[in-house]
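Given as structure tokens, the chain that follows is alone and in the form predicted on its own.
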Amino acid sequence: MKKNLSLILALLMAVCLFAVPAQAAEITLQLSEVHAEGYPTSLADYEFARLVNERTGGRIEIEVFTGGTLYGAEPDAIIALQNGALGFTRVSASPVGNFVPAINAIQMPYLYKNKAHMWAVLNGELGQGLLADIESSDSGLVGLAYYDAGSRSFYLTKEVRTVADMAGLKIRMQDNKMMLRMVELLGAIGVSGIGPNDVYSNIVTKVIDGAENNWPTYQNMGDYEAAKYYILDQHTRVPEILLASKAVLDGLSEEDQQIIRECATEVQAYEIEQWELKEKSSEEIVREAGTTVIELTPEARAEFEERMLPLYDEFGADYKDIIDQIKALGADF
């Protein structure tokens, strides 16, 4: 009898265990990322998702889609945010400038003395004010935090050492009017509408002669195998921005919105750390592959900088006070 009773109790316990499923997330949101698995921004996206899930006790799950598997181009992901069809995306600050023109002020060519100078701006009153401007712009976007993206330089299928060498080259640029104008002033032809994942194939098929980006993207996308000249002019330092959909955030409780904002702010330091590691590794890989890395002479660099001056009048005139503040902060670096 005791044996039968024990068996019955065991069966009842088993039934109870199977009858109570593991607690599922109450809310599942998606995050789109065009960079590949293991890329610094992708790692930060996953860390952001982990923190949100942990801090909400598992109530909110954020599914991260890397490699452009959800949206292959950043502008498409931005549109999805505006429509409320997507929760989050990580994009360059450049396309965000189309909605908040003042963003262009923080990515003017040859503006920062170094990385420390840039972060003093972004994490200070000025940079945080621009994030707030995104949310109040009626764009349907919310700026959560900045990510590091290093400095951007040109990489081409042709050796370039002076501005004259840039003449007629077709260069993939970000979908931003100022960036397109930048290469025009250098005598080249800016090409937009090409996502990061399609740059390599467009170079191989000679649709474009190259692009411009940082060390990790140049290496990670394999572009260094197609465009073997990296012109280390470091023309801009364009940060990344972790964006949220205002429509999606408004549908959450104030407590959950606050958790999401805090997690985004916290994950910035993690992304910067991962970026520094990746940047060093990528440069080593590219150099070891035999890529020609060209460092401009002081005279050539001065010529590149001089060609950019019209941009400050065309795109920076309305934000001269912001630009002046950034330059003033540079005195400490």
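Just count from 1 along the sequence shown to find any residue number. This structure is a prediction, so every number in the text was calculated from the model and none was measured.
One more form of this protein, predicted in complex with beta-D-glucopyranuronic acid (BDP), exists but is not displayed; see below.
- Proximity to beta-D-glucopyranuronic acid (BDP) in the predicted complex holds for all of Val91, Arg152 and Gln174, with the criterion being a heavy atom within 4.5 Å.
- Put simply, of Glu240, Asp233, Asp209, Asp165 only one has a heavy atom within 4.5 Å of beta-D-glucopyranuronic acid (BDP) in the predicted complex, and it is Glu240.
- For the candidate set Asn220, Asn202, Ser139, Asn214, a heavy atom within 4.5 Å of beta-D-glucopyranuronic acid (BDP) in the predicted complex is found for exactly one residue, namely Asn214.
- Note on the interface: of 297 to 305, 33 to 41, 62 to 70, 277 to 285, the segment with non-hydrogen atoms within 4.5 angstroms of beta-D-glucopyranuronic acid (BDP) in the predicted complex is 33 to 41.
- For the chain shown alone, Pro196 is a contact residue for beta-D-glucopyranuronic acid (BDP) in the predicted complex, at least one non-hydrogen atom being within 4.5 angstroms.
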